[in-house]
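The form predicted on its own is given below as one chain in structure tokens.
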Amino acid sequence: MRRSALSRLHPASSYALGGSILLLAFLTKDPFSALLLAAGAIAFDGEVSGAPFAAKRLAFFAALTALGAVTNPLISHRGVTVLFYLGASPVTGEAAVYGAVSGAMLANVILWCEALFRVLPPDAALVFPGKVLPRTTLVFTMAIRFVPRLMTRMRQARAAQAAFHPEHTLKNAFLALQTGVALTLEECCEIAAGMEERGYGAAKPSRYALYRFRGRDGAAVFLTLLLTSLSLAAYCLGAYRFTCYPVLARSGHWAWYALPAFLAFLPAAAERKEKLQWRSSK
């Protein structure tokens, strides 16, 4: 099986790229940046796992975005564009857009965390900065790994549940979520108990990593830091400012969106380059 292009880089380069994308996913609160980051994650999934898997990721993003657009107007009634009335409460378009953007931001974080942990080696996160902060690095990586593991346990719980309750209802979905959370937390406790029994933390840990920082790794880190710095500077200057209340408003030039777009599609472009080189070598 062909390795991913990100797994061939030094962990410092791979996690710098992934951390920069996640930072933008947390900071940017406008629908255009959210769509660009989601498109980059889905394109990366398509290059690594194929079009059917990318279609499932697209459906997941659309479902979570739609869920936010539907539920937020039921809680918040701010905004001036009244779509309809639910009883005595107005349902506004601004609240729906705000909920959709919030759902898209959450979906982007989940998509990128799952994509990175699917292609990167398990020990890559402990190399950098594992030498300086080994315990903090381990706790952080286990916390991020909780998200894709929870999704896996939920799918397993729903598959077992379908044998007795094949209908897709909201109650069954919450039961699957409850089971997935319980299984994931139990597994985390078992891992922690096993590490304690094996003496982890009793002495200074030794480390070994078969990674070398090469020229392409330095170029990847430089390009990532450059794009991230420019994106953060544009964010501080208000290039991605998008307000939902009381009316929808956006400020900044459209050309600034080229920075997060280039950063989001960089992993997919690297995968495409590796595929072309592999085909040409064959």
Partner chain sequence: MKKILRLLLPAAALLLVILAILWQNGVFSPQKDGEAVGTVKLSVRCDRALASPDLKEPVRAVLPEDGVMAEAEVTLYENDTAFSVLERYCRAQKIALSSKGGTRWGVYVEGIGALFEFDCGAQSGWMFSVNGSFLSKSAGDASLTDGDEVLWVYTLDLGKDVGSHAS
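Please read these numbers as outputs of a predicted model, since none were measured by experiment. Residue numbers count along the first chain shown, from 1.
What comes next is about the form predicted together with its partner chain, which is not displayed.
Task: Complete contact of R78, L86 and T92 with its partner chain in the predicted complex (any heavy atom, 4.5 Å) - done: Result yes, every residue of the spot touches its partner chain.
Task: Contact label in the predicted complex: G218 to its partner chain, heavy atom within 4.5 Å - done: Heavy-atom contact with its partner chain at 4.5 Å: absent for G218.
Open item on the list: Whether I191 contacts its partner chain in the predicted complex should be assessed with a 4.5 Å heavy atom distance threshold; does it?
Closed with: I191: no contact with its partner chain in the predicted complex.
Open item on the list: I'd like to know if V247 sits close to its partner chain in the predicted complex, meaning any non-hydrogen atom pair within 4.5 angstroms.
Closed with: Contact check for V247: yes, within 4.5 Å of its partner chain in the predicted complex.
Open item on the list: With a cut-off of 4.5 Å between heavy atoms, is A173 one of the residues that contacts its partner chain in the predicted complex?
Closed with: Contact check for A173: no, nothing within 4.5 Å of its partner chain in the predicted complex.
- [ ] Go through M142, V82, V147, L177 and name the one with a heavy atom inside 4.5 Å of its partner chain in the predicted complex.
- [x] Only one option qualifies, and that one is V82.
TODO: May I ask you to choose, among L74, L185, A162, L133, the residue with a heavy atom within 4.5 Å of its partner chain in the predicted complex?
DONE: Result of the distance check: L74.
- [ ] Name the stretch, out of 42-50, 239-247, 29-37, 220-228, where some heavy atom lies within 4.5 Å of its partner chain in the predicted complex.
- [x] Partner-contacting stretch among the options: 239-247.
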